[in-house]
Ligand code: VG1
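Given next, in structure tokens, is a single chain: the form predicted on its own.
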């Protein structure tokens, strides 16, 4: 069939956020909205003729339609091959691996990650580059600029591709290879972890519950945990990916995975509980009677990674996003390895990973990963935890307590104010920003401000500068307050307040978190004036 050039009008709002372009489904369903954005991505890329693209998503509503459109534009643009997951399914870390494994030019990930799905939910498209990681800002900025001036797109009029069966098809001159979405990823996991030891762990009577939240990780967890490692059937729950995630919110935190938390706190709790999010890149870790914060999980995984075969020689460094607690910093110091503090967004880890400067990375928003891919990886984190449990022959609570006795504890919380009017959210930021220069040296009760700034990051690999990445108030005892606007929402703005207090190895590690942070929480409200400026009495979510 012939390739058509279709005239279009630019949309003013196609600026990618932290992880691609996320909007409501109805917004994406506007005439030519998908076509404009995909064509804008291809227009700013050079040397694409004959190249390979990877495509897939988390199975949310509108996933298949968007993939079909993108493939037809890719064929019209001259790409030689598209590798796509069966039924359009690919977890984000699996997509990253397929890009790297096949030496692809890049890939399109169709997901809004942990955001709700369904006809009234969210949708997203993200471009990943040849290293498997999210496109850097020089590309996303160019895409946005192109989207504001685009006047036409090119598309083949061929019928839709059959994505239901593994195999090879043609779309005009482009080859479409439909692949098992799990197989290559499962093979990769076997190179990193001791599957024999993990099989023995489950054979010994170890009990686990994994909540896939009706999202993409279900097929992966079923295949690996129950199929390859011998976990009893029913270990993985809510395993079938659904377009609306079963009406739930696929964000693995203590609000949306409360049933799992309650089960792990019950008298007859399993030994271990875990969950992952919409596209499979986040994780929740809970032991029997012990929730592990994402910041602590990053530190614990880094300190114990050597128990897994893939990391037996040690790790070269650790990177964390700026709002993530400093727990991992103390691990890096003891190991004598590099520690990097970056802005929020996995794309900022890519250069460090590619240069071999770090091995393990993490964000407080439940994302951890390593140099095996260039995305955070929820199931990878779960498997590494299992490998550590098998090797140390201890429970989660015991391992966590021993860690605190060695490194101290960073009490840590995040207060989210979601779907605030953008002007009000910006007013909160500006209210604190105007105080930054005056805060150092001031005393607030038992706290003395040591430094205050608007965080910026100079990439040590390529020299790029990222500014205005969040407001920090740092105290003399190592406590911190961080305030930033999130880039993952689709309606209004989300204000995130991060509050952290460090207690040394000999301190009290058993205080309830919000109580331990009560003085800092009160001071945060005072410094930001958030309740008056937003009209909100309390956060939407506390984690």
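Numbering follows the first chain given and starts at 1. What you are looking at is a predicted structure, and each value in this text was computed from that prediction instead of being measured.
The next section is about a form of this same protein that is not shown, the form predicted together with the ligand.
Using a 4.5 angstroms threshold between heavy atoms, residue 18 counts as touching the ligand in the model of the complex. Contact check for residue 72: every heavy atom lies farther than 4.5 Å from the ligand in the model of the complex. Using a 4.5 Å cutoff between non-hydrogen atoms, residue 346 counts as a contact of the ligand in the model of the complex.
In the model of the complex, residue 414 approaches the ligand with a heavy atom inside 4.5 Å. Heavy atoms within 4.5 Å of the ligand in the model of the complex are found in exactly one of 429-437, 455-463, 299-307, 110-118, that being 110-118. Checked against the ligand in the model of the complex, the residues 29, 513, 486, 51 give one hit for a heavy atom within 4.5 Å, which is 486.
Annotation: in the model of the complex, residues 209, 261 and 377 none come within 4.5 Å of the ligand through any heavy atom. Shown here without the ligand, the chain has 277, 279, 281, 282 in 258-293 lying with a heavy atom within 4.5 Å of that partner in the model of the complex.
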